[in-house]
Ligand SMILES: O=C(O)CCC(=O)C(=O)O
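Below sits a lone chain in structure tokens, taken as the form predicted alone.
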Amino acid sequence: MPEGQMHNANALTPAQAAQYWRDGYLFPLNLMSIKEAARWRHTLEDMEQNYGEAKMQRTLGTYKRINAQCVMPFAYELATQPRLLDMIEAILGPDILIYGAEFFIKEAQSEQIVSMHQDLTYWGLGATDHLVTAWIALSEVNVESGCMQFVAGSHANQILPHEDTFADNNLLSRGQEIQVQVAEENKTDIVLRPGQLSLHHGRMIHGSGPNSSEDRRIGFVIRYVSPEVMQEVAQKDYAMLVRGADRARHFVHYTPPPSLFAPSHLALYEEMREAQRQAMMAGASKSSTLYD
């Protein structure tokens, strides 16, 4: 942020911030116009078209699904829009790091689902209150397209038991599924138009169904943390400071990617991937890679 630029204290009202802490989520929040969202979608799909056959160590799908901000400049730019960071600051305070960002896509007429789970279960970051996820819609997101469903107030629990399913149609790293029965009437459909977003707590119970629509369901997902968060399982972990200061220095810092799939950041990506794999796959019921 340029020196002297003022943060927008009105990005979230006090009532909205209170609602987030009460329910564990907040939606819909207006980030950009439908037209602007379409431009970001075009940037993503142009990259998919032009880099789909590129000879890199990982598939393009892997780079989209984990730490996109490390290798895709436009992912970093989207994750650091001032208005978005203002919203995050209203939840986390003035010191903000990006822990990870990804493009979460369900193709049209896809049976892929996300089982009900809590994000913090396998990340090695503990049961912290200092992680918030922003989920930005780049397409229409509704029940037909497989929108997220949140369980209001479920973030008040600590991390609950989960089971690894490794199901083929499950988009999660381990197919993890919470071992708690969730009644349908307790689920809230998170319907968003392109350019809107939701925020949710790291212990929120949530999932999503298949995409039975004729369009892709495209979400851009960013995990933000405060500096006091730390990795408790892996030997080290990485994060990018995007606002304020990090006096705790629990994470290895890195710079934004200078270009799309820059060699220096592809090497960094592999370091980050291995460090996070150690945490995310610790205790897994079977050996697995990370979104390959």
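No experiment lies behind these values; they were computed from the predicted model shown. One rule holds for the numbers: they count along the sequence shown, beginning at 1.
What comes next is about the form predicted together with the named molecule, which is not displayed.
Although the partner is absent from this view, Phe104 contacts the named molecule in the predicted bound form, with a non-hydrogen atom inside 4.5 angstroms. Mapping the unseen interface onto this chain, Asn211 falls outside it, with no heavy atom inside 4.5 Å of the named molecule in the predicted bound form. Under a 4.5 angstroms non-hydrogen atom cutoff, the named molecule in the predicted bound form lacks His155 among its neighbouring residues.
Taking non-hydrogen atoms only, Tyr99 never approaches the named molecule to within 4.5 angstroms in the predicted bound form.
In plain terms, the part of the chain that comes close to the named molecule in the predicted bound form, with a heavy atom within 4.5 Å, is 131-139 out of 77-85, 180-188, 91-99, 131-139.
Just one of Leu125, Leu199, Met148, Met72 comes within 4.5 Å of the named molecule in the predicted bound form, counting any heavy atom, and that one is Met148.
Scanning His250, Arg223, Arg58, Arg41 against the named molecule in the predicted bound form with a 4.5 Å heavy atom cut-off leaves one residue, Arg223.
Contacts between stretch 254-270 and the named molecule, counted in the predicted bound form as any heavy atom lying within 4.5 Å, involve no residue at all.
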